[in-house]
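Given next, in structure tokens, is a single chain: the form predicted on its own.
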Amino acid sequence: MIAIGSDHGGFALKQAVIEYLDSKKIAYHDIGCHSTDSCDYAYSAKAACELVVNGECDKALLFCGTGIGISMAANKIHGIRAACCSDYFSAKYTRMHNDANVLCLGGRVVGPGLAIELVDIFLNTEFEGGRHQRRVDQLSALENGTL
């Protein structure tokens, strides 16, 4: 199950990605927003990321105007490793090397075609582990104040 959320700036792109998820029969939980009415990305980030942290969802896809604000909010949630991506290489390697569990995209930066490619690679790329696990552990230590 994938958590999915946005603010008003990412709403249209979220809807395009939902159509893709539906076509692939990928289960998701849409926490909103549900229109282009102004809303704040921090609330969507929190709701979606909590679903990941508590194990109800494996990953989250988040959308705002640039992808940056919602990624900053997501990264404030303990246990979240969110990456704002706008290219294939970053979306692939943030999974392979960083074990990112949240992908953030900008509705005013990334078009629907590219967004679907990025979502597809993010959802289908496995974490390599190995030497990269040490670095992910260091991120957790930073988060816990033990590094």
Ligand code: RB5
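When you see a residue number, it is the position in the sequence shown, counting from 1. Every value quoted in this text rests on a predicted model; they were computed, and no experiment measured them.
What follows is about the form predicted in complex with the ligand, which we do not show.
With the partner omitted from this view, the residue of Ile68, Leu114, Ala47, Ile26 that lies near the ligand in the predicted complex is Ile68 [heavy atom within 4.5 Å]. Contact with the ligand, judged by heavy atoms within 4.5 Å in the predicted complex, is confined among 60 to 68, 115 to 123, 47 to 55, 77 to 85 to 60 to 68. Taking the partner from the other structure, the ligand in the predicted complex has a heavy atom within 4.5 Å of a heavy atom of Arg108. In the predicted complex, the ligand lies within 4.5 angstroms of a heavy atom of only one residue of 29 to 49, namely Tyr41.
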